[in-house]
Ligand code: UTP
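Only one chain is given next, in structure tokens, and it is the form predicted on its own.
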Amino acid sequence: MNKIKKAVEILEKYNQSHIKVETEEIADQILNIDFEQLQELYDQATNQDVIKDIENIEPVKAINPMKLEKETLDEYIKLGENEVKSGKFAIAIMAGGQGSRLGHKGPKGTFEIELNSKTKSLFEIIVDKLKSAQKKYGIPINCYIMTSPENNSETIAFFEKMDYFGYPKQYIKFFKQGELPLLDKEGKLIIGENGLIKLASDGNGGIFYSMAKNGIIDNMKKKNIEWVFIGSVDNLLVKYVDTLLLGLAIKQHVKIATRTIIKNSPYEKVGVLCKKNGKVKVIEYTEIPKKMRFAVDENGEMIYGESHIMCNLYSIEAIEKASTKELKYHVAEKKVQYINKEGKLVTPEKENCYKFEKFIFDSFCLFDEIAILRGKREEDFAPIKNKEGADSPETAKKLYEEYLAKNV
């Protein structure tokens, strides 16, 4: 049976016959879709499991470095530095997104921002940090960049064009994250402008499986890497070579560590850390119950204010374990252009489809304990998410330049 005929039969079986299979390319897409999984995810989207009570939830305890003795602080940093110098530390950057929300055409990492009168891309800012660490510790640090099928070729071409910003090319490796089809509100596949089924990334939590699938874990093992810091491409203040966090994890004999900051208000759009049934968990801002969002202690401070800012450290054993586990999918409603039955491009006025994605922090509950280090907003969190307003290039630039003025 040829693949087009087989694809048509599959579409009929799963009530998706509105999709016209006219090319082998779209047939290949259909043959690689897990329709049973998609149906389960659609059922989840229409019957979302909202956390209604906080009966089994309690606050987490974070270590505040400001309250540590200098001796202890120095010990943690020294432990981390020695691990970096030994070549057992690497970083992974999540850079699968496009810069469309910023009005930028191309991978988000290629977005440029002016800092202290110099214009640099987000990728160059990250490589600058790697070069500083190389100079400080006397060894190049391996860097793994997770792209997406959408931006992989363009990302690699950008690094080639920029000659890897002067960093040793052999220490930078790219790999692609996974994708899942989008579904409209009736559970139907949608067609994009290219005439193919519209796909979207499976979320930052897919990084573990993608690492395994693309041979990244094996590559790390061959290089004797034991720790990997995983951060996002769009936070200017990320400490990718976080020796304090690394030393803390080593000292506490844990497999995972994370750096947090305190929410600026109950309404800030960040996930919050807590403990559920004794294990650390992050509840995304879209899922947090009202009672938990506004809970305060006797001093009027938020009880659940410890927020996840995508500054996570994993041992190689933790990454390998997480790569074998099926993390839950979260559902997001998105506004996505599509081609209708008449072959015309439609730009919807409101959210018209479901996107399914895994979150990296759902791996926390796979482990009994993780180390939590409280950072400072002005030193650790300058994200670029929006074109203007909060978390925009303007606010990130201000935070970053103020940090540089105080610390360089």
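Numbering starts at 1 and runs along the sequence shown. Quick caveat, the model's predicted, so the values are computed rather than measured.
Same protein, other form: the form predicted in complex with uridine 5'-triphosphate, not shown, and the subject of what follows.
Peer 1: Would you mind picking the one in 305, 181, 97, 80 that has a heavy atom within 4.5 Å of uridine 5'-triphosphate in the predicted complex?
Peer 2: Result of the distance check: 97.
Peer 1: Just to be sure I understand the contacts: of 110, 201, 210, 243, which is the one whose heavy atoms reach within 4.5 angstroms of uridine 5'-triphosphate in the predicted complex?
Peer 2: So the residue touching uridine 5'-triphosphate in the predicted complex, by this definition, is 201.
Peer 1: Could you tell me if all three of 13, 185 and 339 have a heavy atom no more than 4.5 Å from uridine 5'-triphosphate in the predicted complex?
Peer 2: Not one of the three qualifies.
Peer 1: Which one, 289 to 297, 250 to 258, 227 to 235, 160 to 168, holds residues whose non-hydrogen atoms are within 4.5 Å of uridine 5'-triphosphate in the predicted complex?
Peer 2: Looking at the other structure, the answer is 227 to 235.
Peer 1: Please check if residue 385 has a heavy atom lying within 4.5 Å of any heavy atom of uridine 5'-triphosphate in the predicted complex.
Peer 2: Yes, residue 385 sits close enough to uridine 5'-triphosphate in the predicted complex that at least one of its heavy atoms falls within 4.5 Å.
Peer 1: Considering non-hydrogen atoms and a 4.5 Å limit, does uridine 5'-triphosphate approach residue 369 in the predicted complex?
Peer 2: Because no heavy atom of residue 369 falls inside 4.5 Å of uridine 5'-triphosphate in the predicted complex, the answer is no.
Peer 1: Does uridine 5'-triphosphate get within 4.5 angstroms of any non-hydrogen atom of residue 84 in the predicted complex?
Peer 2: Residue 84 lies outside the contact set for uridine 5'-triphosphate.
Peer 1: Consider residue 90 of the chain shown here, and say whether it contacts uridine 5'-triphosphate in the predicted complex, taking contact as heavy atoms within 4.5 Å.
Peer 2: Residue-level check for residue 90: no, no contact with uridine 5'-triphosphate.
Peer 1: What residues of 119 to 146, in sequence order, lie within 4.5 Å of uridine 5'-triphosphate in the predicted complex by heavy atom?
Peer 2: The stretch touches the partner through 146 alone.
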